[in-house]
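The data below hold one chain only, encoded as C-alpha cells and taken in the form predicted alone.
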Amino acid sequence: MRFEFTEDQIAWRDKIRDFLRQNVTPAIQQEKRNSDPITNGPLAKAFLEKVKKKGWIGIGWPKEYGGMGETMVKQFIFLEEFRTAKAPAIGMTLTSLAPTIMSVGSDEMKKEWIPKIVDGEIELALGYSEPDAGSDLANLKTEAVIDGDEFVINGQKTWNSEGHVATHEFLACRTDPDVPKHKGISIILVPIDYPGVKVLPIHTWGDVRTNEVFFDNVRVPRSNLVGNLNEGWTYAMMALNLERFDIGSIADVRRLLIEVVDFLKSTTVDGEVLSKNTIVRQRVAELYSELEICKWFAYAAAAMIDEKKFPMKEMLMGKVMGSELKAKVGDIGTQVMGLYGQLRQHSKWVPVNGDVERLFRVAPLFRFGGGTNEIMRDIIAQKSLKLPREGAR
C-alpha cells in the first residue's frame, strides 16, 4: 500500500474541496445538527441536487447507469471529504443498496429502478433485522409466499432506520422454509405505501429515529425480486459489506478531534491551559494516531477492491475499528473537556457546537449498525483466520 495519493487523486480531492467550500454553508451545517441524522431538511435537499448535477451520484457506478465509472479509492475520497466538511450525507440507497441491485439485478430491473434511484424518486430502507433475527439474521421469519404473479408478504422488521423517509424496503424475506435457513431467503423491493405496510417510530437516546415495520398480506409483483429466488443471503451480505465499509469512514471524527484540540488550546482550568496537561495530551495523541491508522486501513481496502480483490477481512476490521473509535472519541472527548463536554448544543457555554456530547450518545449505533462488532470479530476469526467455532473439536 502506497500511503499517498496519485496526482489524479489529488486533483479529484481538490475539486471536491473547492465545491464543498463554496456550497456547504453554516446554515446547512446547523440544519443538519438540528435534525434527525436520517432526515434531510430543505437546505440539505437543495445541496444534494447540486451534487447530482455535478454527476457525482454513483461515482463508482457504470456510466450507462448514470455513474462515473471511477475507482473505489476515488469514491472513498469523495465520502471522506464530504464527512470532513460536515456536508449532508449521501444515503445508504446510493452507497450500498443500489450497487447491489446493479451487481445482481436483471437488465430489466436495472433499467427500471436505477434511473429512478439516481433521480431521487426512489429511496430504499434496509429491511433486515427482526425481533428474533438481528445478529443471527438468517433466523428471520418474515415470509413471502408466491401467489401467481405476486408475492404475499407477512412479518415484522425492527431497527428499520430509514423506514419513515424511504419509498421502498430492500426486504429480506423467507421464500423457502424447507431448506437450511441461509438458503431460503430472497430480497424483494416493497413499496412502503402499499396496503398492509405499517411504520411505527422507535426514538433512541442518540436523537436518531428508527422504526419497526409491519407487513400484513402485502402483495408485491414478482418482478420486484432482486436477483434470483432464494439467493438473497448472498445479496444481503453484499449490501452489508458495502454498508460496513461506509461505517468504517471516520473523517468526520478526525475533523471533530481537531476542533476539540482547538478548544483545549484556548481553555484554562485551574490556571493551566488544557492542552498543556500531560494526561490530556497523551489521550489526544493516542486518538490521533489511531484515527490515522484507521483512515489508511480503509483506503487499503478500497485499493484492494480496485485490484479486483474482495477484502472481506479488511472491510470488517475497518468497520469494527472505525465504530469503536467513534465511541472512543466521544468518551475521551467528554472527559478532556471536563464539564463543558457534557453540554448540549443549545447551551450558550457549549464548545464545538455540542458535537462531542452528541457523538457520545449516538456512538452505540455504529457498534451494532451493519452487524454487531462481536459478530464481526467472530466472522473475522472463522472466515478469514480459519479459527474454530467455540466448542468445535
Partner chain sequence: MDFNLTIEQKMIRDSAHKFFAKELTKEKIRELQENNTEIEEGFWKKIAELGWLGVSSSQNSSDEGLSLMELAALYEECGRSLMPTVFYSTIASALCIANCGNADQKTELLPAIADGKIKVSMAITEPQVSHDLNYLETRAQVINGKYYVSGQKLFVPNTNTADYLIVAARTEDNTSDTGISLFLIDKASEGITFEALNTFGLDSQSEVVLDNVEVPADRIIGERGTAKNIIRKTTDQTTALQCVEMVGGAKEVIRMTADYIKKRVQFGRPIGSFQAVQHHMTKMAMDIEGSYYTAYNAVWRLSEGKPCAKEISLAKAWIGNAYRETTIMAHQLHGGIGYALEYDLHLYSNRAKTTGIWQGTSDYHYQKLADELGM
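In this text the structure is predicted, and so the values were computed from the model without any measurement. Only the largest set of C-alpha atoms that superpose within 1.5 Å between the two forms is called the rigid core. Numbering follows the first chain given and starts at 1.
What follows is about the form predicted in complex with the partner chain, which we do not show.
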(message) Whether Asp107 contacts the partner chain in the predicted complex should be assessed with a 4.5 Å heavy atom distance threshold; does it?
(response) no
(request) Please run the contact check for Glu286 against the partner chain in the predicted complex: heavy atoms, 4.5 angstroms, yes or no? (result) yes
(request) Examine Phe310 and determine whether its closest non-hydrogen atom to the partner chain in the predicted complex is within 4.5 angstroms. (result) no
(request) Answer yes if any heavy atom of Ile146 is within 4.5 Å of a heavy atom of the partner chain in the predicted complex; otherwise answer no. (result) no
(request) Find the only residue in Lys111, Lys198, Lys265, Lys183 having a heavy atom within 4.5 Å of the partner chain in the predicted complex. (result) Lys265
(request) Counting non-hydrogen atoms within 4.5 angstroms of the partner chain in the predicted complex, say which of Val152, Met237, Ala251, Ala303 makes the cut. (result) Ala303
(message) Based on heavy atom distances of 4.5 Å or less, which listed stretch (40-48, 25-33, 360-368, 64-72) is in contact with the partner chain in the predicted complex?
(response) 360-368
(message) Suppose contact means any heavy atom within 4.5 Å; which members of 261-296 contact the partner chain in the predicted complex?
(response) Val261, Leu264, Lys265, Thr268, Val269, Asp270, Gly271, Ser275, Lys276, Thr278, Ile279, Val280, Arg281, Gln282, Arg283, Val284, Ala285, Glu286, Tyr288, Ser289, Glu290, Glu292, Ile293, Trp296
(message) Using a rigid core superposition, assess whether Lys383 undergoes a CA shift of 2 Å or more between this form and the one not shown.
(response) yes
